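Read the single chain below, which is given as structure tokens and is the form predicted on its own.
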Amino acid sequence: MSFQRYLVRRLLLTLPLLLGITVVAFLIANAVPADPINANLPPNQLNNETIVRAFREKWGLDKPPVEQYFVYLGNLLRGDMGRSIKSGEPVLADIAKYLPATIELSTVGIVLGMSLGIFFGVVSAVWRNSPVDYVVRFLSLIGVSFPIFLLALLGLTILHAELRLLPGPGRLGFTASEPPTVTGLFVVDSLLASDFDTLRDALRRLILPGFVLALYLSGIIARITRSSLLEVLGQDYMRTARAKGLNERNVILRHGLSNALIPVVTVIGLMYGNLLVGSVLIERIFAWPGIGQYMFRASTSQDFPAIMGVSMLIAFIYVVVNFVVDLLYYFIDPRIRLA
């Protein structure tokens, strides 16, 4: 199968999925029992019928639910996700403001976690039932089962408050200034601006929250890598490769790991999607102004346009991540190319 044909098939499967997600997001946002009027109007204005009626008309709350959905869908197709009731800004502008911080933190976490997890998973599988294997399995079990918020608090207490090895919460220190916004990623923008002081500060503040995420992720990835690689190591083609006199390192990495990556890539893709939309605790603990903070504020204030916008963002992220994972399958697994 050609790559173009494979790409078109995946795109055609993605479009109806996105349409279905808009329905689900709309239903979830309107299923919230609280009244957005009570959540957003001052108490002294709730008894004023003129103000309440104007508020309903402004935000389309006076229309039937079906009409509200089609109005929302039409606006969404034009790139308009509505205007936040709380901030008064377009939801898309709010998301563009908060999302880069989450992308920066999640990318650091997934890269570190993937590197550690795959490395220790391979080591554990190659030296199966050895002391090294037992240590890796024990540490990965701790990483998976240890509450991530407790790990974050311990890291802040020990490495920041007690030992003063790493800076505390926030994307930048008080003495550093934000670089000119190009991508919203401080590391990239400071590089583009040749602002190496800001770059150094931004990287130092990424270390602690990034490693907290990485330690949790690496435990899961290590266990999946070990399990998948052990299954591959018992295949006939691995014995054939050794019988041909190939170097053991090439046998493990070229023939073994490459064929064991399918489940690992799947898990990494899903975990990256989880990080982008689910790192609320880490962002609050480290005062990280990401999309998790925006989600929390929108849900607590019953900001329906923001809730629906974030719901669509979450769905879009998962669809894109799974789409990219499907494309990676094409290059990793030759059986897909030959199907």
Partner chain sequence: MVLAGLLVVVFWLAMLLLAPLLAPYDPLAQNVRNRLQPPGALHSMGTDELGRDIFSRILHGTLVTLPAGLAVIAFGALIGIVVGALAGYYGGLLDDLLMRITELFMAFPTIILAMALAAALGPSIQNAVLALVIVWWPAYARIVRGLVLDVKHRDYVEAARSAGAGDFYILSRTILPNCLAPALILATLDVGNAILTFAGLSFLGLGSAPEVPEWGRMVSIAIDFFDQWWMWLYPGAVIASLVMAFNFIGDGLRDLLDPRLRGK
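Residue numbers count along the first chain shown, from 1. Everything quoted here is computed from the prediction, not taken from an experiment.
Not pictured, yet referred to below: the form predicted together with its partner chain.
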{"property": "Complete contact of V123, W127 and L206 with its partner chain in the predicted complex (any heavy atom, 4.5 Å)", "result": "no"}
{"property": "Answer option from A176, L246, V187, L230, heavy atom within 4.5 Å of its partner chain in the predicted complex", "result": "L230"}
{"property": "Candidate from T181, S115, T157, S194 lying within 4.5 Å of its partner chain in the predicted complex - any heavy atom", "result": "T157"}
{"property": "In the predicted complex, segment of 86 to 94, 157 to 165, 198 to 206, 99 to 107 with a heavy atom within 4.5 Å of its partner chain", "result": "157 to 165"}
{"property": "Contact label in the predicted complex: S299 to its partner chain, heavy atom within 4.5 Å", "result": "yes"}
{"property": "Heavy atom of L328 within 4.5 Å of its partner chain in the predicted complex", "result": "no"}
{"property": "4.5 angstroms heavy atom contact with its partner chain in the predicted complex for A54", "result": "no"}
{"property": "Any non-hydrogen atom of Y318 within 4.5 angstroms of its partner chain in the predicted complex", "result": "yes"}
{"property": "Neighbours of its partner chain in the predicted complex among 141 to 179 [non-hydrogen atom within 4.5 angstroms]", "result": "L141, I142, V144, S145, F146, P147, F149, L150, L153, L154, L156, T157, A161"}
